[in-house]
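Single chain ahead, by itself, as structure tokens, in the form predicted alone.
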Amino acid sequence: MTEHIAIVGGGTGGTVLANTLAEKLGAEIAADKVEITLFNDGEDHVYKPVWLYVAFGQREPADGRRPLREVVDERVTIRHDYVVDIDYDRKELELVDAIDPAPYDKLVVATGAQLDPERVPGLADGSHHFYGEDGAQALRDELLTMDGGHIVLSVVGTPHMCPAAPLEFTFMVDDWLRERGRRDEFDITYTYPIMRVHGNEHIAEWADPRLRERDIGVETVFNAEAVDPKSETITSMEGTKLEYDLLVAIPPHTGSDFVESAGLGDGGWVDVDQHTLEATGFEDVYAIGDAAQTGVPKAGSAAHYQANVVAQRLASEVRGQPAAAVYGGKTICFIETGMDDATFVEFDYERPPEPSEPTQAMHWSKLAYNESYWLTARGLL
């Protein structure tokens, strides 16, 4: 009897998991004892960190996109369809375009996060962002045509993908303007919704003085309530109003509608055991990456490490062995501190991040990692 492993979502977590399972269970797949199916609603695999560089003209949109079939092991079946619900008793997935449901014995949810700018009145029309291909290109064009003025980077929604990215953009735009001899023509303000400049207190303690020494204004406890595109203002719930010439926002994020309709968690986020990554209250269901409520940042590196853990656990379960692998919260992150230098952090559930001194070598290490990502997604690195 063939055991069906279903993975919903073809982002970093889902893709790395599919490829790692294909390698670990190669013999079982060849013997028709295991079938791995990856469900994705699009035909491309997207590497989202590229969009930050598109905004500064350093990368092209095509650099962040490859056909999913080129990235996924040929032993994995890919189905381009949208999963809308789960029948837990029958262990079946309801699909949008298929009449018959898809069976599963083991299910992994890797549905990621989506932008939800409509949650804040005026935000969609009055701001730019770099969290998608179109947004990054529009932001690039705006930066190139600005005559000066006030740039506001506002973190509107938390949690969000790549928690360091708002700081990265702020440091990079400051340096980008200095390289062009135009920094004096601009004011830059960075806003964050709590009493520090980042959700992690160790990152905040490192970043705050670096923002201020570059003459970047800081507004903390700034929870965006509304944006007025006509008057070009953003107002916080606390009553602070900022005028802007360019508003770069980190929009609110939401999880997949499928997660909520399937009862796996509120807001599209799956409640999981933070070590085993098993969905709380559901048998034979895991969640990884941005979709999983683990307490670690919504970062590609976390999804990668989680995928490796779940692959080990599933391989053990398929072979009738105890699943011993656990996730310790490991996350790594390069943080750009300008156009030509960066720092690096590594942390987990027990160890906090300790940013290193920014260097040019670390910046080039991040660029090298971005170039090698496609090997990482294939499970080769």
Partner chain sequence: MTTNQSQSEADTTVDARGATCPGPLMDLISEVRAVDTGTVIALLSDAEKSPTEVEEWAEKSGNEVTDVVDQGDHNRIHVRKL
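This is a predicted model, so every value here is computed, not measured. Residue numbers count along the first chain shown, from 1.
As for the form predicted together with the partner chain, it is not shown, yet the points below apply to it.
Partner proximity in the model of the complex, defined as non-hydrogen atoms within 4.5 angstroms of the partner chain, places exactly one of 301-309, 283-291, 70-78, 199-207 at the interface: 199-207. Contact check at 4.5 Å (heavy atoms) against the partner chain in the model of the complex: none of C162, I250 and C333 pass. The partner is absent here, but in the model of the complex a heavy atom of A224, alone among L277, A262, I151, A224, sits within 4.5 Å of the partner chain. Interface residue among V84, A98, M237, M146 relative to the partner chain in the model of the complex, by the heavy atom within 4.5 Å criterion: M237. Although the partner is absent here, V120 is a contact residue: one of its heavy atoms lies within 4.5 angstroms of the partner chain in the model of the complex. Using a 4.5 angstroms threshold between heavy atoms, T189 stays clear of the partner chain in the model of the complex.
Interface residue remark: T158 is counted as part of the site for the partner chain in the model of the complex, having a heavy atom within 4.5 Å. Residue contact check for G295: one or more of its heavy atoms lie within 4.5 Å of the partner chain in the model of the complex.
Contacts between 180-196 and the partner chain, taken as any heavy atom within 4.5 Å in the model of the complex, involve P193, I194, M195, R196.
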